[in-house]
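So this first bit is one chain, no partners, the form predicted alone, shown in structure tokens.
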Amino acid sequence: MYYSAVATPANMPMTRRKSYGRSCVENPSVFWQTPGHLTSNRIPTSRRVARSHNITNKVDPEQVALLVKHEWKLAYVTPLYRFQHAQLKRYSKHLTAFIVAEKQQGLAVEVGLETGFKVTLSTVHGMAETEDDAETVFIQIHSKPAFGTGALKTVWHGWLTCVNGDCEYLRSLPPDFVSLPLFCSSGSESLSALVRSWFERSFDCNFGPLFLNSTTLNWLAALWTGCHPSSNIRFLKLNWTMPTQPSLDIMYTVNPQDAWELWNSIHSEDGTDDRIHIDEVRQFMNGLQMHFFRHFKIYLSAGTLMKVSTSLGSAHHEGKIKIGSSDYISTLLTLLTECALQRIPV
């Protein structure tokens, strides 16, 4: 193991429609007569063991390549009101016009010199794992060079997804709402802000930052380590920040075989239980921390786990991920979907 520190007509009554995003006022509708009650999302104490799946068998390989290529900033999204996958071409035109209009008003868009933008929204078929999951929506923003007739340049990517979302929660939503709770973006923050603003105005939803707490990062460390025999994870890196003055950053790099042997001593796959339990995850992390303490007399549990990474992917406390292998993307997105749903106000 290795270590380093480092407008409504006047004669119409106004009623308040229950909104899963911003509160708003509009005419009475059938929606108002629906229960509109969201169930609380339960925090699971066990998860299925991560299994390798060749996702390109059901998802366009070019779309998969885009998902794996970039680092993504995470956010949660409340349900979208009257969003329709069949209208993505129309939404593309509206979002394009919105971005152009905002730039003409002097808004700084950090992509350099350009004369125009083109936005494309498309469905990523095959990402959904259950019949309750809405299909993933991929968004790309292209800029046109200010001089010459060069090709459009892609300057921003984003996607909205729901993978293995809580069935009870999804079925409790009124039919006018679509849940795509996880938003991933890569590119200029000014463009991300414009995309979020347009969605909020168009579909009465709210976006919020999705931070990954220590429990989530612990789960990923255990799930990815469990993949080592079938998919060499190459390394397990754990980054902590300690509450010292000045602050101390610790990078703890664990030999993958050592990590696997520790995990295998805690979780035995005997074929009768295809799940990992939270107690096993805690034992695994405690084992790693105890080993570190024996060498350096530092209690990592006193600090904050900031980042977990292997060759299969990485995840940061601040809400950033990178997908290293598409074979385990379903496991990662299931966990992140759960995190996003838990952040949505009830």
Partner chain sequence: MDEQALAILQRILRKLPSKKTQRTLRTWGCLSAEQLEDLDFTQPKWLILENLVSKCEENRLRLKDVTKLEMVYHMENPNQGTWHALKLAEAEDEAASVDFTQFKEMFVSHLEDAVQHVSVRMKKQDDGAVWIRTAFGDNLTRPNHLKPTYAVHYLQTPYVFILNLSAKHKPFLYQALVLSTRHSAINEAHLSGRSLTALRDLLMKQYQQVFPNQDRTLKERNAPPSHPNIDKEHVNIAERSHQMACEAFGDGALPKLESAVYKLKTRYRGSSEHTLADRDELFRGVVKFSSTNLLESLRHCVSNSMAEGPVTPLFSSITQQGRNYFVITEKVPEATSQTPACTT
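Positions refer to the first chain, counted from 1. No experiment lies behind these values; they were computed from the predicted model shown.
There is another form of this protein, the form predicted together with the partner chain, and it is not shown here; the text below is about that form.
Contact with the partner chain in the model of the complex, judged as any non-hydrogen atom within 4.5 angstroms, is confined among 174 to 182, 93 to 101, 256 to 264, 221 to 229 to 256 to 264. With the partner omitted from this view, the residue of A128, L152, I250, V155 that lies near the partner chain in the model of the complex is I250 [heavy atom within 4.5 Å]. Taking a 4.5 Å heavy atom cutoff to the partner chain in the model of the complex, the contact residue among I321, L288, V64, V281 is L288. Mapping the unseen interface onto this chain, P209 falls outside it, with no heavy atom inside 4.5 Å of the partner chain in the model of the complex. With a 4.5 Å cutoff on heavy atoms, R48 does not count as touching the partner chain in the model of the complex; it lies far away. Within this chain, M242 lines the site of the partner chain in the model of the complex, having a heavy atom no more than 4.5 Å away.
Although the partner is absent here, A302 lies within 4.5 Å of the partner chain in the model of the complex, judged by heavy atoms.
Looking at 284 to 314, the residues that come within 4.5 Å of the partner chain in the model of the complex, counting any heavy atom, are G287, L288, M290, H291, F292, F293, R294, H295, F296, K297, I298, Y299, A302.
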